[in-house]
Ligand SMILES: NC(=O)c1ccc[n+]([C@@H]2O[C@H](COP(=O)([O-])OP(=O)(O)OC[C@H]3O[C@@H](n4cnc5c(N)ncnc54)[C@H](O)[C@@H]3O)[C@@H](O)[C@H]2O)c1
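In the block that follows, a single chain appears as structure tokens, in the form predicted alone.
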């Protein structure tokens, strides 16, 4: 099987590539990443170095360009056979969309459109793409099930991801390929994104910096360890997953048990052995009060539920942080 993996140097992309490299059924992985400077590029380069260490058979072919460059995308893969596209490339983050909204349009809309066009012109039969729990927006009914209306996003990031789901549905219907959209719920773990709360909290505690704690940490988050996310993606790669009744499917992947942000911070304090310096701020209008994942649909179709409990995952992250930053 030949896979085009976009965002391979990103947090989830790196962990997925690590797993696919070791999979004997995968022949080639064509990794695309623009090495965007939204967060520390050196972290992305460190991930790539780790991939090079385990890629003893040169299975991973690396390309550095932006998906909004449709000409480069089409020329690069014109004569390369691709069986599955896994699109993880995106402009992530919520608050960044207030200062640089155009980057979300360029990456998440135009870049995704170019992927769909590649699917069409090359007649690629399978697409797996990343969506987000943020797509549920102001929805108050929990746990979130995939059939809930999700047309009330609270930020541009979520709006672009909802657009991806709708665009994929249209292209799947028109051009006959299968697509699976995966709504990830607060992914964390080693080599994570520095803009995410768990990373920021840990980093700030070790560096004796103040932590901005919104709404006194009362907000609830359904945190999902990255290994569980990767296992979920791999399950969708199974050939049987594309014999589902619908051409286009949407699934949640989350742990299914939300915890307060304050409880997360308390556990990080225990792991670091240090007390956090906290600044209480009011909840921002872009923030969801709660994310809470129903795992029923994914478990029914793929026989998988995330397994890593939050305290275990936080310990793993802290161990990695110390080995990476404090060595």
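Residue numbers count along the first chain shown, from 1. Bear in mind that the values here come from a model prediction, so they are computed numbers and not experimental data.
Keep in mind that the form predicted in complex with this ligand is not shown, yet the notes after this line are about it.
*Asks:* If you check 198, 158, 180, 88 against this ligand in the model of the complex, which one has a heavy atom within 4.5 Å?
*Replies:* Selected residue: 88.
*Asks:* Have a look at 255 to 263, 287 to 295, 37 to 45, 54 to 62 and name the one stretch with heavy atoms inside 4.5 Å of this ligand in the model of the complex.
*Replies:* Only one stretch passes the 4.5 Å heavy-atom test: 37 to 45.
*Asks:* Report whether all of 12, 66 and 132 sit within 4.5 Å of this ligand in the model of the complex, measuring from non-hydrogen atoms.
*Replies:* The answer is yes: all three residues contact the partner (heavy atom, 4.5 Å cut-off).
*Asks:* Can you work out whether residue 119 and this ligand are in contact in the model of the complex, taking contact to mean some heavy atom pair no more than 4.5 Å apart?
*Replies:* Residue-level check for residue 119: no, no contact with this ligand.
*Asks:* Residue-level contact is defined here as any heavy atom of the residue lying within 4.5 Å of this ligand in the model of the complex; does residue 184 satisfy this criterion?
*Replies:* Yes, residue 184 sits close enough to this ligand in the model of the complex that at least one of its heavy atoms falls within 4.5 Å.
*Asks:* Is there a non-hydrogen atom of residue 115 within 4.5 angstroms of a non-hydrogen atom of this ligand in the model of the complex?
*Replies:* No.
*Asks:* Would residue 92 show up as a contact with this ligand in the model of the complex if we use heavy atoms at 4.5 Å?
*Replies:* Yes - in the model of the complex, heavy atoms of residue 92 and this ligand come within 4.5 Å of each other.
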